[in-house]
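Take a look at this one chain, the form predicted on its own, written out in structure tokens.
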């Protein structure tokens, strides 16, 4: 168990390797109740959120979710989040380490009539991720639920909000359940999937799978000093929707082009480049590792690095710092791995 964003979280239940393979081959069950959960309603909550986030919420209808960013006036990323549009307002899931700060910031921006309610402790959140997640989840009628779609339903006979979203690159679901019932759902999912090889999975497997899919982690790959274009998330910025916090700065950054960019690196076995390690080329510092781990599934270490834009192409060789020594690395195409999320019902990035 480790501290993560003020929560006591499992790094692993059995072994990171076994949990990692379960997610990639069958399904793994994560307790992600540490993530912040806000309800936003009242007044013109759509207009309010459109002013806060980079993506365009206008096309969303009830039952659709959208990946999004909160930016400051300079275009730096305050947090990344998923926004859900319900029949009576919106719901947002934010990073655990930013929950209190995000809540305060949203409340400071909110005009009269907007209600922002922190429901983190009322609702548990489970993530059931893997290519067989739909088959093994004890719930019915999910075949037509599209990627980034959600609806109410029963899981093991207990009411939940079921969302086809995740953070592993695989198909799967995130389940919002009243906190006093979440343990029952957890047990039922593991019992249903036991023979198939479903395992509970901790932070180690979660970080490895998200990095293989090149999904960014706030605090590592992005923060308020990094803008969406540098983080490779420019697709979330819809400048045509109208003014929002950071839009003027982002318009300028897009026009001039980002100064930095994230690239993928592959290193040799045993040479894991960790967050903060230097990236060298031609004897000079060329960038910094933002995330790095050993990919048990791919069989070698992988990393994301922030470097000067236009410096490297796929196939180039660089040197990375590993425990005080230099190790060779190769620039590779992102993502490192494409999982079943891409083939889920009606996949879309919106």
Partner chain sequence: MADRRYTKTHEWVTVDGKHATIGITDFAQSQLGDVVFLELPSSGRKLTARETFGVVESVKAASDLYSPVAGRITEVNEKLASRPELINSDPYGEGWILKLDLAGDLPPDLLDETDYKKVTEASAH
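Numbering follows the first chain given and starts at 1. This one's a predicted model, so the numbers in the text were calculated from it and none came from an experiment.
Beyond the structure shown, there is the form predicted in complex with the partner chain, which is absent from this document and is the topic of what follows.
A.B. asks: Would you mind picking the one in 325, 285, 62, 317 that has a heavy atom within 4.5 Å of the partner chain in the predicted complex?
C.D. replies: None of the other options qualify; the answer is 325.
A.B. asks: Select from the listed residues 67, 48, 312, 296 the one whose heavy atoms reach within 4.5 Å of the partner chain in the predicted complex.
C.D. replies: None of the others qualify; the residue that does is 296.
A.B. asks: How about residue 16 - does it come within 4.5 Å of the partner chain in the predicted complex, if we only consider non-hydrogen atoms?
C.D. replies: Residue-level check for residue 16: yes, a contact with the partner chain.
A.B. asks: Although the partner isn't part of this model, could you tell me whether residue 242 comes within 4.5 Å of the partner chain in the predicted complex, counting any heavy atom of the residue?
C.D. replies: Judged by the heavy-atom cut-off of 4.5 Å, residue 242 is well away from the partner chain in the predicted complex.
A.B. asks: In the predicted complex, does residue 12 come within 4.5 Å of the partner chain, counting heavy atoms only?
C.D. replies: Contact with the partner chain, yes.
A.B. asks: Test of understanding: in the predicted complex, would residue 181 fall inside 4.5 Å of the partner chain by heavy atoms?
C.D. replies: No, residue 181 sits far enough from the partner chain in the predicted complex that none of its heavy atoms falls within 4.5 Å.
A.B. asks: Which one, 304-312, 50-58, 37-45, 317-325, holds residues whose non-hydrogen atoms are within 4.5 Å of the partner chain in the predicted complex?
C.D. replies: Checking each option against the 4.5 Å cut-off leaves 317-325.
A.B. asks: Counting only non-hydrogen atoms and a 4.5 Å cut-off, give the residues of 257-288 close to the partner chain in the predicted complex.
C.D. replies: Residues within 4.5 Å: 269, 270, 272, 274.
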